[in-house]
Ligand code: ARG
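Let's start with one chain on its own, the form predicted on its own, as structure tokens.
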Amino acid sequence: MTSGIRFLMCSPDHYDVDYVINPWMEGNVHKSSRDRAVDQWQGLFHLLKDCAIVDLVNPQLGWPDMVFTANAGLVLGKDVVLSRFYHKERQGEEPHFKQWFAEQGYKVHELPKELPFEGAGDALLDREGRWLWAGYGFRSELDSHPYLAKWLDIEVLSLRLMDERFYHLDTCFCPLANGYLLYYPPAFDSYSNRLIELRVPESKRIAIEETDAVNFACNAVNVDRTIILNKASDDMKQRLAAIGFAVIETPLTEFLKAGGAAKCLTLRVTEPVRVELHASATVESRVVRIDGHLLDSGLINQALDLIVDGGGSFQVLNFNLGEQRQSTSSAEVKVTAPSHEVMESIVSQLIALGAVPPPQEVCDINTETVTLPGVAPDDFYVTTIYPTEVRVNCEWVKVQKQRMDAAIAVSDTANGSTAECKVLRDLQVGDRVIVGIEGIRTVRKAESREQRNTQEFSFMGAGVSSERRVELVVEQIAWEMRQIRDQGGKVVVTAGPVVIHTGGGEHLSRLIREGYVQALLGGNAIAVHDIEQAIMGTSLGIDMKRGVSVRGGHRHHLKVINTIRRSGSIAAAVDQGILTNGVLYECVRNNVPFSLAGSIRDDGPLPDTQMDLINAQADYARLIEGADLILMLSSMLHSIGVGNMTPAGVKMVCVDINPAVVTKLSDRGSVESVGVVTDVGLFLSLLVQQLEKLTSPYRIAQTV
């Protein structure tokens, strides 16, 4: 007995694997058996004839994939959205399907020619008719989804496909009767899986394993409580039987060679309309502008990859290429995302690359007022290391006190509007904090190829240098430090106790003495072990000259802590003649400010160690201001803190024997940072040696 359900099919008279446009076709060109394909198609045809009406469209010579009628279009009621095929190998099918739909009395909607959409292969109606699941990522563009919502007057839920084997939504996703869903979760990104879980209760989600997925078990035809498919495991069939579905297997292996099975070979053309439901689409689009050396710097590729990797799609609206090598280029890009949440994430990252909305589009940022001290409004903009400007009263205002991971507070003064970065704890009731991403831009230096590649002593680009490159890196750093010193600049050192343990203390002391260091940041430990070495000749109880442990040496660090505490401070110990050498001694004698941030593990601590974390962070930030170069020497936690406080434009060098630490500290998006994987004591020794080779008009009297 047949129901009123109708399907459209196309006989495989001209079917073959003639080309490769998906992974399943690779290795199968002209390896399909025509006779076997006909037999398998007939098997599916007769199964459907038993439970539905099957209409046929005439096959056309030269278009072997017409047999996959699911891609003809998307039907709802008497409306059909005609497919726009992604690959030219299938584009010739469009007029033949259009003619069939027109002859059957459907209203045919046609997308713009350059907007791919592959019909019911990438758009599947919830079997209750409540919404439309629409896939994108390989064959259909996200920008097509608002058209579907408008023309079919239905809610569209966008799902991003991630596995090229499952290039169409119907290869890994099958809505079933009574609100059930058969699907393969790894085929989708995390946002899409979350959306699926929000819409389909866990009791009605049937997630399958890869063994079933690669047999196209989701590429099934569902008629009431019957599911027709190529092949399914016993476990899958048992699960479906338990909820009242009968599974019918029919071999379709010849069509798997082209990347299709039961669902691909059919198009359901009787889809009832739920008149009480109306259109909506969460898809959001925005236009951004990017300026700079877009091609030779790879900036445009970074931006477009970021959009796609973030779950969106793009359309380059305008691209103005610079006419000369030194000229900058500009591009306007339309960004489309499946939801506001995803759009905010993508555009936030584009802003960090220097993207801005077209000037005419945004005249003012959005702000909300702080109602609880130390608590920002929801959706507040989180800052980056890059110089930032915000749009206030149709003008760009530079953000002051730039740093990472802060909010931006704006205020009106007698001299105009101001904006500054504020960490959460500093927010006060009444502060106006920027929310969202409208009217914000970061300022990135547009360096040409010549600027990057021809400067003999230009600072190294971001990266991690291995042992074989250490001497080259040290040479560049030494030259940079000499230039900074001679020009009255500022170098800040963040150091851990490993500097002392590896014998680097004497070299760091010399750098301070000779004017190469203008501030020292660290914790209680570096100071304790530096002073232990200076007073007792040991570090962690090890004799630094002989490299052997000293009897009772494990108590030395506590003894020196006690000694400094008796003196009142490190500076007092120097003045009293108790501390006569070492890193902290040189800081005191050469008026180099230092800040020691404490932690829960600190012994003592020293009287100079700041145990109030908030005050310590503020002190660090004060000493970092105006820095030209920061040396991070084997102190991961303190260095991460410093990195977060430091704006772009400050050169950074991270040195550690552990490559993971170096990578973590260097990978902060700044082109001015470099990592060096080596022993920190060796690094400091090489640095001092290299500085000795350089000539400079700068002279400083030796401290006695």
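What you see is a predicted model, and the numbers here were worked out from it, not measured in a lab. One-based numbering along the sequence shown.
What comes next is about the form predicted in complex with the ligand, which does not appear here.
The closest non-hydrogen atom of residue 529 lies beyond 4.5 Å of the ligand in the predicted bound form. Contact between residue 690 and the ligand in the predicted bound form is not found at the 4.5 Å heavy atom cutoff.
Proximity of residue 136 to the ligand in the predicted bound form: non-hydrogen atoms within 4.5 Å are absent; the residue sits far from the partner.
Heavy atoms of residue 65 reach within 4.5 Å of the ligand in the predicted bound form, making it an interface residue. Comparing 257 to 265, 532 to 540, 239 to 247, 196 to 204 against the ligand in the predicted bound form, the single stretch with non-hydrogen atoms within 4.5 angstroms of it is 257 to 265. Of the listed positions (98, 286, 231, 90), a single one reaches within 4.5 angstroms of the ligand by any non-hydrogen atom in the predicted bound form, namely 90. For the options 676, 44, 70, 645, the residue carrying a heavy atom within 4.5 angstroms of the ligand in the predicted bound form is 70. Highlighted residues 131, 175 and 277: none comes within 4.5 Å of the ligand in the predicted bound form, counting any heavy atom. In the predicted bound form, the residues of 17 to 46 lying within 4.5 Å of the ligand by at least one heavy atom are, in order, 21, 22, 25.
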